[in-house]
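This document starts with one chain, in the form predicted alone, laid out as structure tokens.
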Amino acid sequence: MLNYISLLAVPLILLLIPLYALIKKVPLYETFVDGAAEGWTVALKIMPFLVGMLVAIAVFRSSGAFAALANLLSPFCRALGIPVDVLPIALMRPLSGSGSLALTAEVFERYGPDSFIGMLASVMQGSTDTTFYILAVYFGSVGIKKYRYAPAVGLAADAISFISAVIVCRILYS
């Protein structure tokens, strides 16, 4: 029954939204075109921030700074009983969601998604955020130039989420 409902969910939504607009006498096509034009404007506005962020991530990884930071923090992780294999994910997640997802896929290939490390990587993906991406793209697109405490608070939240993910996964999956 659930499979049947899930198969019908998207077509029903695609049918009900225009039907609701027709009942409310909303000019459907014009509204759609206005929304698409606004989306294009937003995309053009955030493009420089997005390109800058992607270049910065590429430089960070290509320079060896990413690997050096992971090596520097690995003894600390070992001392706390944190698997070193998830450290690159924790370091990449504030920078890039797709980059951290690629690292999570590598963990899945190496250990399997149902392993402790695979579960931990999954919980980390769900509990942390792309802090610098948010700062660069979203803050930049609305013209916020003085971030003030946002980077520190975002990174603190990421660190707390990472540590919480380790604790929760130790309790649930060990």
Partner chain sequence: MLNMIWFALLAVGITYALFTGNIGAVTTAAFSAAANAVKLSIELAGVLCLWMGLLKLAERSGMVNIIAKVIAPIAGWLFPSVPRDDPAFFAIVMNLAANFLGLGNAATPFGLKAMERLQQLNPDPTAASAPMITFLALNTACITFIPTLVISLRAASGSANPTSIISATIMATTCGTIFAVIFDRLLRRHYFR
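It should be emphasised that the depicted structure is a prediction, and the values quoted were computed from it without experimental measurement. Positions refer to the first chain, counted from 1.
There is another form of this protein, the form predicted together with the partner chain, and it is not shown here; the text below is about that form.
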property	result
The partner chain contact in the predicted complex: Leu101, any heavy atom under 4.5 Å	yes
Contact flag, Leu54 vs the partner chain in the predicted complex, heavy atom cut 4.5 Å	yes
The partner chain contact in the predicted complex: Arg110, any heavy atom under 4.5 Å	no
Close approach of Leu28 to the partner chain in the predicted complex, 4.5 Å, heavy atom	yes
Heavy atom contacts to the partner chain in the predicted complex at 4.5 Å, residues of 53-67 in sequence order	Met53, Leu54, Val55, Ala56, Ile57, Ala58, Val59, Phe60, Ser62, Ser63, Gly64, Ala65
